[in-house]
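Below are two forms of the same protein chain, given as structure tokens: structure 1, then structure 2.
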Structure 1
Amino acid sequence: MTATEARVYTPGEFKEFDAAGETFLYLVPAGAIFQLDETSRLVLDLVKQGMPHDQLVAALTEKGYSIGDAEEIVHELHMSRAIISADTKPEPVAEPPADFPLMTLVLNLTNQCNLSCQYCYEFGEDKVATPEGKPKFMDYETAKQSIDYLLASSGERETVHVTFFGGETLMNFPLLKQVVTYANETAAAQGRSIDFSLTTNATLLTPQIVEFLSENKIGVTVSMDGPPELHDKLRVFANGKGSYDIIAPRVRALIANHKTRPITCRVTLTNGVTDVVRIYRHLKDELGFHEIGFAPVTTSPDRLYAINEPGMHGVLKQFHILADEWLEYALRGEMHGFSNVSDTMAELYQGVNKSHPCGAGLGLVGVGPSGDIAPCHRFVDSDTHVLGHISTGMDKEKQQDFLGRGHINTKYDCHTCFARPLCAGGCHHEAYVRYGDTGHPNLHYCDWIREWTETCLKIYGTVSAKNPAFLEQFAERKAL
């Protein structure tokens, strides 16, 4: 008997789930989804009983397969790691190359804001920024250097992305206009292009600004937390007055007159602002946003606006309601608008297997008004987390330290979690606020993330079984 014939397999690392009457495996090390047919199910059951390779082949030949086909079936299951042998070595997620090309630059045009949102990660009690003594508004020279840096650091990418951010982005709208002109001209001279987006609280939108955004195909995400009584709990002006009545008519005008890109919304969930379904209905059906994404507030657990564990369970329950709707729409071939599902569908379809929670410090960096380079917009103006300066470039040692601590291979709590290809331990900024370490896994969300991931896996399986063509639109999608 050869070594191969005597080989004994064990089940690989996967999450098994049922959807649409079919059984699927989410193959964790690969971040891939595998539908079990009757034959694969048989092999897996026999492997669980400890049956060696030669007996597996014999069992398949008894089912009518040729020896060659039986060998191929077992081989394919082995190669996909649905079954593994004793000599199978673990495959740690690869380190990204040191010269990984930049994709996205988040340009913080100002660190000032005309609102005083109590939960703001930039100005609130949990802020990491140290803006004292630094410019409040970015100047044109710094912005030009930032665009030059993006183009020089993006390798052979034909299209790169600039996101305008703040503070409140539109407080420095004159600079935004200059940057768009300079960036387009500079990229075109290199035979390349730049895609633009911005995030805004919408208070400063005017017809002229909307016209400019539409003409230049600039994507817009509005920060808004629902109907008046929910939105105005924490999204207020310095005098305590709520901002909804200022924002709502401007949002309606933006949606009506921005003709070139769909308008999206990002909702921050806080204690007392967790009525997800009601918020979604208002923003989608009454205001007309194309898509809405929800995220719990980033905060220390003792803040009054922090969502406690029962509150997070309530949020998840309402997520499930919208997820069921999303599935109904998808089976009809229609997009729903709940981006928390859509973003996960894209990652599952693309076979994402993250080394890091996001592109921060890798394919994405933030630049503050002073020109300091940060891992992302949430760390802009923080002396503790600066990775370099736009005039001198990235400090590779600081970058590698940040990326090394944030890599999934260092997060031992995550090594047995089936959701790690999508989560990779969670947001660096959230980890720093909660645990004082950007590389610490966000353990307070683990059960929540696992349940939500399983929900999305079942949705994916159902759609792939009943309307697989619908998933093709997620091939190029990036998260909201």
Structure 2
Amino acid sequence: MTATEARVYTPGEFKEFDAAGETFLYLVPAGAIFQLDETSRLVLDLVKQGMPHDQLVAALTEKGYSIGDAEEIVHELHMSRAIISADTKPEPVAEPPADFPLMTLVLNLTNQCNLSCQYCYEFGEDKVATPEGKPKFMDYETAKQSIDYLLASSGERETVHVTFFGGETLMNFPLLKQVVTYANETAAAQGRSIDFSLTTNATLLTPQIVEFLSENKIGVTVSMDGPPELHDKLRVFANGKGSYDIIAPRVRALIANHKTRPITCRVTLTNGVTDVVRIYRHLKDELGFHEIGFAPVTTSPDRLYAINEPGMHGVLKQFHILADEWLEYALRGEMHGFSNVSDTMAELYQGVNKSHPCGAGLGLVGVGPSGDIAPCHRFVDSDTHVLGHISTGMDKEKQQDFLGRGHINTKYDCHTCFARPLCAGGCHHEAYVRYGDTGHPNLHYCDWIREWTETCLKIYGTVSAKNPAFLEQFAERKAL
């Protein structure tokens, strides 16, 4: 018997799913999605218990396939690793190159905020920031150095991104304006361009600011938690008064007058603020946001505002309602505003297979008012997580330590999970707050992530089968 005839096939690592009456495979180590036909389904069925090549070909010829066709299908499935054999070498996720070019810089223009949202990771009980004795507002010199650092560290990229963040970003609007001017000039001199965005609580928006944002094509994300009775639970001023009435008219004016970019909303779900569908309807239909994304609060499970397990179950149930709606829209060729699906579709379209959960410390860094470089905006002003200073650049050793711990290869719990190409263990900051280690996989939401990933795979499969052209628009959407 030859080596090939004796080769025993077993199923490769994949997630099989059905949608729209078809069967699909999500090949996990690659992040690839395939639609199966009757023949490939048959082969996968046959190799479930392990089967040698010659028996497999014989079984297929018995079903009426010619030897040539049988050999061909086995070859296809073997080479694409839908089925594997003992000599299939696993390919571990590679290390990113040491000189990975920077893509996004998050500038925390200030660490001050005019709201006192009780769940804020920056000032809440679980904060990682240690801002004592550090500047509260970034100065122009630090901001300029940061832009220079971004352009110098971004390799050949033609367009790079700057995200303005806080504290409350607009408490340092004068600096924001200066930075936009400086960054545009400096980038243009190099024949490159910079794309801007900011996150704000919307309390300080004025017609002049909105005009500036629109003119400069600055993308805006508003942090807002829904209708007044939900929003005002935790998004309050220092005196405890809710902020809804202040921001609602400003948000309406922003959406009406900022015409150059879609305006998105970012909702933090907390205990008692879990009515996702109602929140979505309010923000989408009554206020007019283009897209709305939801995330549960990052916190220790002991906090009163943490969402417990039954609470998360309820959230997921409501996510499904919006996901079904997203699919109906997609089949009609319309884009629904539920970002949680759209973002995952973009990642599935690319077939991402992440070495790290996000670009933090790799293609993205945060810079605080003091000029300290942090893995991302959530770690800004934390002495424990500082990766360097804008005047001296990145401390490569610290960066390697951070990236080494966050790499999927070190997260053993993830190695049998089909959702790892997209999740890669989840947010570094969430992991630090929960487990005290940025490299710890976020095991508290595994089931939730898996269920959500499967939901999105089914949506992807259904759209592929019924309206494939719709997926093309995700080619340009940012993934990862």
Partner chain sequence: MKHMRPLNRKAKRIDQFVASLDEDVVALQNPGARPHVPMGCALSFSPGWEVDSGGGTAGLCQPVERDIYDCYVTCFWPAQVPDHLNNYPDWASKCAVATKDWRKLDLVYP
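For clarity, a rigid core is taken as the largest C-alpha set superposing within 1.5 Å between two forms. Here, residue number means position along structure 1's sequence, counting from 1. Quick caveat, the model's predicted, so the values are computed rather than measured.
- The form predicted alone appears here as structure 1.
- Core-superposed comparison between structures 1 and 2: the CA of residue 75 exceeds or equals a 2 Å shift.
- Annotation: Cα of residue 444 displaced by less than 2 Å between structures 1 and 2, core superposition.
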